[in-house]
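One chain follows as structure tokens, the form predicted alone.
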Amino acid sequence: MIRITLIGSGNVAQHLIKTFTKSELVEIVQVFSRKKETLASLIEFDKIVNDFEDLKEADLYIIAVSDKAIADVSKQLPFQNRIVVHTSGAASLDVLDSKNRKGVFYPLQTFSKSKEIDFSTVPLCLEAENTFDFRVLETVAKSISNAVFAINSDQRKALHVAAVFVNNFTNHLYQIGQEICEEHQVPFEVLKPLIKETAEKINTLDPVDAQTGPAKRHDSNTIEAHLEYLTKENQKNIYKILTQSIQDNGKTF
């Protein structure tokens, strides 16, 4: 049994609490939260602490806070030479204080408090300074996920940037699509089968082979008609940038 302490109370921390609670190989020793009430529905109240001095000994400490807070939190930990990891995709290993053995436990997924996640399918990207610590992280990761990878800081940064394109930017485009539908009294529900099919295509096709639409066809008449129809300048600009990017795909400059 690997004893874990979680530090944080946001989306990632809450999903990890729910997941680790179900694992037979992991025991949650404590959870740190500035406001104990935030996590009261997820774990026994006596396991929640709001003072770093109250942290007990554990095999692994997982810092699941905002990127800008990781360094400060790791400096405040009142112990040394223990395994301390963060869950960020963008932050390097070096952001952690050197008084402890450093690592990364990055779940590559989008998390919302109100949406349950099947953690067995979530890719977990691991990094550690030595083989022993990596094996500890690997054991913990494999107790909750079937997709575990050794990923260094530079590779993780690349993954995080790519994830912003395929997740955050894509979701923003969904929002724009919804706004256009609502502006013209069209149900957004009509687009959901298309969204699903587009996402499922990449299981059998590379994205470059799955690309369709007026930009791919260089259908200038349709493109101009769309630009004239759009009423918001930011929508026009995004349309132009993405159209040009699709048409430039494969070109060498």
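All residue numbers refer to positions in the sequence shown, first residue = 1. Computed from a predicted structure; not experimentally measured.
Omitted here: the form predicted in complex with another copy of the chain. The next part is about that form.
In the predicted bound form, the one of Val49, Leu42, Ile195, Val29 near another copy of the chain [non-hydrogen atom within 4.5 angstroms]: So the residue touching another copy of the chain in the predicted bound form, by this definition, is Ile195.
Glu179 within 4.5 Å of another copy of the chain in the predicted bound form, heavy atoms: Heavy-atom contact with another copy of the chain at 4.5 Å: present for Glu179.
Touches another copy of the chain in the predicted bound form: Ile246 (any heavy atom, 4.5 Å): Taking the distances in the predicted bound form, the answer for Ile246 is yes, it comes within 4.5 Å of another copy of the chain.
Contact label in the predicted bound form: His184 to another copy of the chain, heavy atom within 4.5 Å: Looking in the predicted bound form, residue contacts with another copy of the chain include His184, since a heavy atom lies within 4.5 Å.
Partner contact for Val73 in the predicted bound form: another copy of the chain, 4.5 angstroms, heavy atom: No, Val73 stays farther than 4.5 Å from another copy of the chain in the predicted bound form.
Contact at Phe20, Phe79 and Leu93 by another copy of the chain in the predicted bound form, all three, heavy atom at most 4.5 Å: No: none of Phe20, Phe79 and Leu93 comes within 4.5 Å of another copy of the chain in the predicted bound form.
Options 94 to 102, 126 to 134, 79 to 87, 112 to 120; stretch whose heavy atom lies within 4.5 Å of another copy of the chain in the predicted bound form: Heavy-atom contact with the partner occurs in 112 to 120.
Residues of stretch 146 to 168 in contact with another copy of the chain in the predicted bound form (4.5 Å, non-hydrogen atom): Contacts from 146 to 168: Phe149, Ile151, Asp154, Gln155, Lys157, Ala158, Leu159, His160, Val161, Ala162, Ala163, Val164, Phe165, Val166, Asn167, Asn168.
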